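Only one chain is given next, in structure tokens, and it is the form predicted on its own.
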């Protein structure tokens, strides 16, 4: 077994059972990509069994902090069984569920989403890539599924020295499924959809939006960065009679239109706009439009803390415009999925946007990812999605 020895004082994160070790913390030792290594403190104390990644700034990702444990097929079987069992306890109201959420489930770099009878999987680290076939077989056994589609086409793999990969690993057939999510239905293409196919992390927020639209009597709704219209359908389910979906993807908007029909809503109540969101917000403001409810769910503006300043300006601008477009008493759901923007900073950004807009708002609720996308005490970086539900005063 190859050994990675850390510099003096660099063992603290592993002692807190945080799974990452950065390149600058390594004193000596190397291994092949994804190879299991023994990680030791500078005095030789055992710290963790981990996967080595020679190309990544995150040089080591811990599998286990138990010296007696062995990283083998049985290890992955046990971890996957535990992750799936936890989701079963959550009683999620959907046939689209995140089964494995990387570090939070003790499997760094592994994302597994179940879309009906298809498992959509991302192998995002050198360690998971090395164990890919073992993990794939264990997933089918643990879940009872027979089809597994790989969506390892994220840019994160480049930082691991891995090429993108996409396609069937187990099984074959159509990659399109229909999700039943609370009271609405959505179609998902696991081959072409964003992430592993869809944004399952917003499931509970979509259901909340439908309830609030009905509770508050919101009739006119603007859904920005709408993608395939999940929040738009939720608004219609809540009784909205004018919903505008804005996105820069024509195919995504076509699917949003199809989702309106799939759920039995009047297509006259929904308008798709293939346009830039920022420019659309400015034009709507010039036109004197205002809305009862607005959703701002932009893509990742800050993939890391290094991008936080530029991203903060972008978030502030769209929230300033959004708040100005809200009617008094109107509802705003605003989100950031950027890992480089923490919840406290995001609150400050939106508060600054309110000041610039001359608008104050009540904070109804802080929002986060659905419960099948957990954050653990030892790995707070897993809390990537944050949001605010606001009522304009």
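Residue numbers count along the first chain shown, from 1. Just so it is clear, the structure is predicted and the values come from calculations on it, not from any experiment.
Although not depicted, the form predicted in complex with a small molecule is the subject of the following passage.
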In the predicted bound form, does each residue in the set 239, 259 and 331 place a non-hydrogen atom within 4.5 angstroms of the small molecule?
no
My question is simply whether residue 171 lines the interface with the small molecule in the predicted bound form - judged by any non-hydrogen atom within 4.5 Å.
no
Would you classify residue 267 as touching the small molecule in the predicted bound form, given a 4.5 Å non-hydrogen atom cut-off?
no
Within a 4.5 Å heavy atom cut-off, is residue 255 in contact with the small molecule in the predicted bound form?
no
So, residue 292 and the small molecule: in the predicted bound form, are they within 4.5 Å at any heavy atom pair?
no
Tell me which of 195-203, 138-146, 106-114, 152-160 has residues with heavy atoms within 4.5 angstroms of the small molecule in the predicted bound form?
195-203
Find the only residue in 272, 312, 226, 94 having a heavy atom within 4.5 Å of the small molecule in the predicted bound form.
226
